[in-house]
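Presented as structure tokens, the chain that follows is alone, the form predicted alone.
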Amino acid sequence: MAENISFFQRINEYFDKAAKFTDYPQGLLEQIKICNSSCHFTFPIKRDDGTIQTIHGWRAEHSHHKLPTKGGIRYSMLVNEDEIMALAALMTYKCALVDLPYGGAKGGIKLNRKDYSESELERITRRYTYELIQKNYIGPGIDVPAPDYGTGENEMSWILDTYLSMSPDKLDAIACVTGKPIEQNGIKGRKEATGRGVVFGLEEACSFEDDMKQVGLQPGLRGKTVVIQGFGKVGYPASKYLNEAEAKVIGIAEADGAIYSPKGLDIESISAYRDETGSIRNFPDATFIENPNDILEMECDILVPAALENQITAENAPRIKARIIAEAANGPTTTKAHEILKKRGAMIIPDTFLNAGGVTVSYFEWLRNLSHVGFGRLGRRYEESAYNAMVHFIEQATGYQFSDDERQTVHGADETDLVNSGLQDTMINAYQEIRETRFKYGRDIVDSRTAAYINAIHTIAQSYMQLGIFP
């Protein structure tokens, strides 16, 4: 397989490899993998100094087998049509894999957000949203954006406000975008959802003794050493929850350098240091590494690329020592690198699965917005009454008196509890289905990435056949 193929071509190569294990008609397979619709538009923006600049934006809707389509919006200098179509395709397969009723989409604007003021970013975001509205690329039942690399709650709130001002449907318009601030009908747990999903997925993947034996490790996350590339919206919460699971994060890389400590890193101290200095450079109690890519080659049990695509290549893959590659980012491993790592015997947990936490919780937010009822509101008090009655019964039966602290742990599920429970269940079920597919076709024949694509293809193909488009 060629190393210099485009990102979208690489996704299609993975698709074609998996499609060979299915018996669907070629016409249906071609329909599944093609990008249904993409749009590149330009618009002028007035800078704070009065100059005019032309901005380039894209939105791609890869598949309409389910509506709405769903996918983030990223702000990056790497944004182009091929990247957006590739990421939209990944969203299609990701949503199918974790059983979400969405087609895949993705959007982006080519810019470095550090070069723009807050007011300029707001004007750019609002104008981009206007273009999406004009071209029918946004709506609660049409296409629902979310945050991605370079964007966050602020951008989503500007998108919502712009859409509300132009939509005749004020009731359900709040579901036009997810990843919103809590105060604007967002959902608790969305901000850290992708990172938390990474850890839930890793916990499940590392729970099988036979699988861990193949890579020379013991089951569970406890005691495993971890290196993370990226300390942003995915890498930071992933590193925090990995530490809570008693894994040991020994290395963290950012664009301007990396830090390493074999005894383990204090994640909250690093976060506070970065907030204060604007960087993780020269964090005390750790060795600073000038070239952040060097951290990928450190000795560790688990490597978590949580930044951008194409970080593990044919050039550096032979030097990567990690037993498990946990793809928290979209497309971090090139095709040749995947084959090199696989031949060495490394376990690769694919992005189509491991990166699905964000869109899963976005789905919960979308449902919450459409139902206009907060999760946990209807049943929480009833559950608390039931739990308190059970505690009272235990006290009467045993004579044991629960302390005030113990009683405080007994409460009905709130929104955060329900979101995390739903996310964990989703990640567990999806991984078990991937593993079952590997066993079905033979673990030596089908790796986890191929199995994930096989499962996604089955789900999407069934949707098309239910629509009556294909026999």
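This structure is a prediction, so every number in the text was calculated from the model and none was measured. Residue indices: 1-based, along the sequence shown.
The same protein also has a form predicted in complex with nicotinamide-adenine-dinucleotide, omitted here; what follows describes it.
- Residue contact check for P147: one or more of its heavy atoms lie within 4.5 Å of nicotinamide-adenine-dinucleotide in the predicted complex.
- Not displayed here, nicotinamide-adenine-dinucleotide is approached by K233 to within 4.5 Å at the level of heavy atoms in the predicted complex.
- Interface residue remark: I142 is not counted as part of the site for nicotinamide-adenine-dinucleotide in the predicted complex, having no heavy atom within 4.5 Å.
- For the chain shown alone, R196 is not a contact residue for nicotinamide-adenine-dinucleotide in the predicted complex, no non-hydrogen atom being within 4.5 angstroms.
- Residues of just one listed stretch (328-336, 205-213, 129-137, 259-267) have heavy atoms within 4.5 Å of nicotinamide-adenine-dinucleotide in the predicted complex: 328-336.
- Screening A253, V226, V98, A89 for any heavy atom within 4.5 Å of nicotinamide-adenine-dinucleotide in the predicted complex leaves a single hit, A253.
- A306 is the sole member of A306, M85, I159, L303 with a non-hydrogen atom within 4.5 Å of nicotinamide-adenine-dinucleotide in the predicted complex.
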